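Before any questions on how it binds or moves, here is one chain, the form predicted on its own, in structure tokens.
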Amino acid sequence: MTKQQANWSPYDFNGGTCVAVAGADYCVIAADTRMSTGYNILTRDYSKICKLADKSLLASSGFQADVRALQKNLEARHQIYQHQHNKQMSCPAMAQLLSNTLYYKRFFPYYAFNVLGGLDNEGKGCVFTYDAVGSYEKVGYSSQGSGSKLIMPFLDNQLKSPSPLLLPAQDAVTPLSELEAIDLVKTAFASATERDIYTGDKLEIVVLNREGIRREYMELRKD
């Protein structure tokens, strides 16, 4: 008789896909609303986008319990910052705070793959993409999650960011208008949903510009 061993993991993978695109005066952050485990759908209406400040939005996929713990940590740190400085944190400052928070937990990481989008101090769109332990990069567009392997090649083909090695440094924002960026994100998700079982149900799109924050929704495949 073979000896059976019980294996327990502190992590789960709940799937889902996040995308962010930065423009000259806007930022589009989008994510699907499906949350799964294995071949089971836990809920079809779970928002993966969190507002951290008036000009900073965080979209996260991975293990949603860790994602929620990370969001609560960042919200508390931002509250302390506001009391100390009497102003909200800028998006680049929030990007550094997120990196530090993830790196602090590097030996037992948050199983969360994040995209931070917003507007910088000049009102330009900015996107920061992360790994699980806090390494981050400022980019013009990014995708994280189960469908990112399908979406990133499509975005690379359509947008082609300048190389970070070019001198003088090129601006990372995309040349698209706000409406074109929204259409591009919708197309990317519609195609990813066809091939990725963890992405689907509904697409939540949050647009951040000088007027404020606006939300749009689009139905995706339910199967």
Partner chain sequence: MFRNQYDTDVTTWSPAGRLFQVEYAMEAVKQGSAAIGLRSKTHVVLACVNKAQSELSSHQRKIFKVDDHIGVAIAGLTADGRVLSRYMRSECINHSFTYESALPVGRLVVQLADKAQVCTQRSWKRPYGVGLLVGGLDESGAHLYYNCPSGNYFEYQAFAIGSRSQAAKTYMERKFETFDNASREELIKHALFAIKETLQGEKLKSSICTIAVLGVGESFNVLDQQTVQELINSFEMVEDEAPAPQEPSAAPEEAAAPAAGEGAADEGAAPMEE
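Just so you know, these numbers come straight off a predicted model, no measurement behind them. Positions refer to the first chain, counted from 1.
Another form, the form predicted in complex with its partner chain, is not on view; read the next lines as being about it.
Checking N121, N100, Q79, S135 for any heavy atom within 4.5 Å of its partner chain in the predicted bound form turns up a single hit: Q79. Proximity to its partner chain in the predicted bound form, defined as a heavy atom within 4.5 Å, holds among K87, K72, K149, R106 only for K72. Screening 188 to 196, 24 to 32, 172 to 180, 64 to 72 for residues having heavy atoms within 4.5 Å of its partner chain in the predicted bound form returns a single hit, 64 to 72.
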